[in-house]
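Coming up, as structure tokens: structure 1 and structure 2, two forms of one and the same protein chain.
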Structure 1
């Protein structure tokens, strides 16, 4: 089977690579060749991820309107008509999902998004992906080639190592598509996204926080803990927190070292976003709350009472450590 990974240089390709890499575990033994198709806008990336599987080729594809999927699809269609892959793997982000779906349609192949696992069963491809609001997992057999998969978000994980070995880069030049429906566009960068995605400690706050003012108090707690704030949908929809803080199937999928989920009920769609935390604490006044089902440690109590107390303990401990450290430094002099 011949496979290609479609990646785009605008986003962090080492993280994309880590996600795609995890998907390859299933079909690895059945791959005759694996290549990377790297989309870029102005200049090609310098760092290329080092995969666990040998890459047969890295093809650089320039697109002049990266925010217009139609333009990207046009390019991908042309290269696939030359390369004839059996399987195409796409990133987990919105662009990856859109390209995966639309390209599969154009090529007459099969597609599936948010794929958590890819298996080869009796020479056919099957995938596992969350359904029913992340309350159930479905196993789905893909019937038509090329199999187009967009991987599920995995959270930060560990990015693949980079190599600068650009020896077998091949630049593919293709005629661009004329876009007449787009009259004007502007893009504004929105900071903060990466801070949460990369956080080792996350304070995930739900509707139980009750107000924008309380949310500000949570920020103080988070600062003391060295945590980044994430939020459930009701919290971002009430504008108590920025949209780029949203956790869950429609937002961030995280896997921090510690996650404290406070005042979230634990809907399936939300849980998907923090399930892979290495240590998960849940605080909720309702002992029946579904969030406890995925927690390592649970506290049935008022989130403010618990977190303010925790904040003061941590603040004191930090001050003490600093004092001890200062003392040691002095002694050492």
Structure 2
């Protein structure tokens, strides 16, 4: 079986590799070759990530408009017509999922999104992916080749080591697609969304916050703690928080160093967004809340009482540290 990983040089290539690497364990023993198809706009990257399975080739594919799916699909169709891959792996982002689905349709193959595990069964592919709000794991058998799979979000995780000696590079020169209807394009980065995705400390607030006014108070607490604030779906759907703060399978999949889940029941959809947290603190008045099942520390109490007390302690500690620093500067002078 021949496989290729489709990656974007303009995004974080090491983190993409960490996601895609998770799918290689299942089919690795059945792969005759593994290639990387690396899409780039102006300049290809100088370093390439390491993978659990050796790469047979790295094919550099220049795309005039890498954020326009039609342009990327045009390139992928051309190289697939020459290479005839059995399996194509895509990243978890929106573009990766769109390319995965549309390319499978154009090639007459099979597609599956948010795949957590991939197995070879009787010369076909079986994938495991979450269903029913992340409460169950389904195993789906795909029979039509090529198999186009997008990996499930894995959180920030640990980037893989980069190298220049993984495999040989080949620059593939393909005629660009003329898109007459596209006059200009630009990328706009949502700073709030980007900050939450990269946060080391996250305050994840659930329906227990009760109102938009209380959510604003939680923002003050988060600022004091040096944390980014996130929200569960009920909070977002009640318009107590912006949609770009949504945590869960349809929002952010996070892996912060510390996550404080306050007033969150712990539904499967939400838990999927914080399960990669290295240390999870849960605060809820219901001692039977599902969130306590995955928490490192559980506090059965009112979220406001706990967080306001924590905020007070941090403020006092910060003031003391500032006073000590000021005294040291004065003594130094």
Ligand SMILES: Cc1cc2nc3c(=O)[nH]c(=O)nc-3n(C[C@H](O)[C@H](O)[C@H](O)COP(=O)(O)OP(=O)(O)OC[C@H]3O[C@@H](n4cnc5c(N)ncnc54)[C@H](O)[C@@H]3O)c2cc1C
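Positions refer to the first chain, counted from 1. Remember, predicted model here, so these are calculated numbers, not experimental data. Take the two forms, find the largest set of C-alpha atoms that superpose within 1.5 Å, and that set is the rigid core.
- Each structure shows the same chain on its own, and structure 2 is the form predicted alone.
- For residue 296, the Cα coordinates differ by 2 angstroms or more between structure 1 and structure 2 after the core has been superposed.
- With the core held fixed between structure 1 and structure 2, residue 243 has its Cα displaced by at least 2 Å.
- Annotation: Cα of residue 72 displaced by less than 2 Å between structure 1 and structure 2, core superposition.
- Relative to the superposed core, residue 258 moves its CA by 3.2 Å between structure 1 and structure 2.
- On core superposition, residue 317 has its C-alpha offset by 7.1 angstrom between structure 1 and structure 2.
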